[in-house]
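Consider the single chain below, provided in C-alpha cells and representing the form predicted on its own.
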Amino acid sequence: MRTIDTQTALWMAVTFILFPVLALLGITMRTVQAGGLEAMAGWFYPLMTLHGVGMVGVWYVAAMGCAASVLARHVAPSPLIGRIALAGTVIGVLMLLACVLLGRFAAGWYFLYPLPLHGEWPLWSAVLFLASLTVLGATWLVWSLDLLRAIAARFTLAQALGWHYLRGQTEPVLPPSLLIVTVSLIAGIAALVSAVIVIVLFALELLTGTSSDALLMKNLTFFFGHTLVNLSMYLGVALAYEILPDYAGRPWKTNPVVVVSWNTVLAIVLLAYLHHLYMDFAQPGGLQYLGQVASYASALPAAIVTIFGALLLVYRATMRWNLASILLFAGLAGWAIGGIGAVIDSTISANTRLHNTLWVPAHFHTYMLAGLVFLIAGYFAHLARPAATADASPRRDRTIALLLVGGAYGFFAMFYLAGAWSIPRRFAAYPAELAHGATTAGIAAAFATLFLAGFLYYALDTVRQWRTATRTD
C-alpha cells in the first residue's frame, strides 16, 4: 500500500489551495485584457505581480516537496527542516499577500531594479515584498542545504553526480532521480545566494541611499529567477524518472549517457538566463552570444536524453495507463514543447522580434503548466491511489486528463498566436490597433477556465482517493 507522509500531504494541501486562487488571478487578467471586468483594470499590475511570484513560488516548493519525498526513499532528509520549510513558506506567502492586496505593490514578479523603490505604491509595501522574498529565500536555502546533507550522508559528491558510471562502475547504485535532484539543488543554492545579494543591495539603498548598478542588479535578478524556474522543472522531471517505471514495468537506470547529459546541465544552466538581456545594449557582446549558446546547450542534452528515454521506456511496454502515468508522460511532453518555444526565443535573431511579445508567456506557461504542473499532479495522484484501486475509474481519469490537456493547450495557443502577431506582453489594455489581442485574450480566459475546472475535479478526486486509501489502510 502506498502511503503519503504528513509533510507531503501538507504540501499537497498548500498546492491545492493556492494554485486555484492564483489561476483565478490569471483568468481575471486575461479577461481584463479582453475588455471585460473594467472595475479590475486598476488591479491588473498588482495581480500580475502576485500571480507571477505566487505561481513560481508555489510550484517550486511543490517540486521541492516532491523531491524530498522521493529522496526519502533513498536517504534521510531532516523532518524538522521540512517543517521549517513549510512554515517559512506560509509566512512568506502571507507577507506577499499583504504587500500586494493591502499595498498594491505592482513591480512584477521580476521586480527589476530600481522599480520596486520608485513605484506609485507606498514604500512599506516594497519593503514588505523584499522581506517576503528574504523569508522565502532563506527558508528554501536551508531546505536545499539539508537535502544535500542527506545525500552526502550516503554518497560522495562524485557518486551523487554519477561520475563512477563514467569509469564503468555501477556501485553504489545511483537512481537517476537522485542525480537530477543533486544537480538541481547545487544550482539552486547558487541561485538563492544570488537572491540574497540582490536583497542586500536593495537594503543598502534603503538604509544609506547608495544606488546600485542597474545592469548588475538585472543580471543577479534573472540569474536567480530564471535559474530557479528551470530547476523547478528539473525536479519535476526527476519524478518521472522515479515513478514512470512503476507503470511501464521496466527500470529506468542511470547510465553514462544520463550522467553526461545532467552534468552538462549543471555546467551550463547557470548561464542560460543571459538570453533575457539581449536588449540591454550595455551588456558585453560576448555575454550575449554566450547566452544563446548556453540556452541551447543547457536545454538539449537533458531534454533529448529524457524524452527519448521516456519513449523507449513505454515503447511496447505493458503500460498501465491511469491518471498518474498519463499526467507524468504528458508532463514530459509539455516540457519538450515549451522548451522548443524557449529555444526559439533564446535565438538572438528571433528574440529581437519575440521577446517583448506574448510569445514569452506562451513558452513559460507551456513548460510550467503542461510540464511541471502535470508532473507534480501525476506524482500526487500516484501517491494518493492505493495499488488495488489505481485503475478503478478509467473514464474519470480520461475526463480529467482531457479537461487538463485541452484547457491548457487551448490557453497556450492563444499566447503563441498573439506572440506571432506581435501583441506586446504586460499590456493591461490593448489599443484599437491591437484589437485582435483582446480577442485572443478572451478565448484564452475561456480555455483557462476549462483547465481550472479540470484541476479542481482532479484535486477533489485525488483527495477522495487518498481518504479511501487511508481508511482502507
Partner chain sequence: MRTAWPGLLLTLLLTLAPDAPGHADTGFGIGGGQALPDIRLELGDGSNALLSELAGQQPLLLTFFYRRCTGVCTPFLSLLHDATARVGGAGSDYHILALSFDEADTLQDLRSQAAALGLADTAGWSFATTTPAQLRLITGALGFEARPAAQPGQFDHAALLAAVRQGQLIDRMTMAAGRSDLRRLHALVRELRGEFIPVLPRPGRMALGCFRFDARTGLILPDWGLLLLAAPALGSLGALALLFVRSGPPR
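Note that this is a predicted model, so its numbers are computed, not measured. Positions refer to the first chain, counted from 1.
Quick note: we don't show the form predicted in complex with its partner chain, though the next part is all about it.
Residue (of Val127, Leu228, Ile81, Leu201) lying close to its partner chain in the model of the complex, criterion heavy atoms within 4.5 Å: Filtering the options by heavy-atom distance leaves Leu201.
Give me the residue from Ala190, Leu402, Leu102, Ile91 that has a heavy atom within 4.5 Å of its partner chain in the model of the complex. Result of the distance check: Ala190.
Pick the stretch from 202-210, 128-136, 71-79, 376-384 whose residues have a heavy atom within 4.5 Å of its partner chain in the model of the complex. Selected stretch: 202-210.
Touches its partner chain in the model of the complex: Leu220 (any heavy atom, 4.5 Å): The answer is yes: Leu220 has a heavy atom within 4.5 Å of its partner chain.
Against its partner chain in the model of the complex, would Pro284 count as a contact residue? Criterion: heavy atoms within 4.5 Å. Contact with its partner chain, yes.
Within 4.5 Å, heavy atoms only: does Arg396 come near its partner chain in the model of the complex? Residue-level check for Arg396: no, no contact with its partner chain.
With heavy atoms only and a cut-off of 4.5 Å, decide whether Leu123 touches its partner chain in the model of the complex. No, Leu123 is distant from the partner.
Is it the case in the model of the complex that Trp59, Ala62 and Val259 each bring at least one heavy atom within 4.5 Å of its partner chain? Negative, none of the three is within 4.5 Å.
Can you name the residues of 146-172 that have a heavy atom within 4.5 Å of its partner chain in the model of the complex? The stretch touches the partner through Leu148, Arg149, Ile151, Ala152, Ala153, Arg154, Phe155, Thr156, Leu157, Gln159, Ala160.
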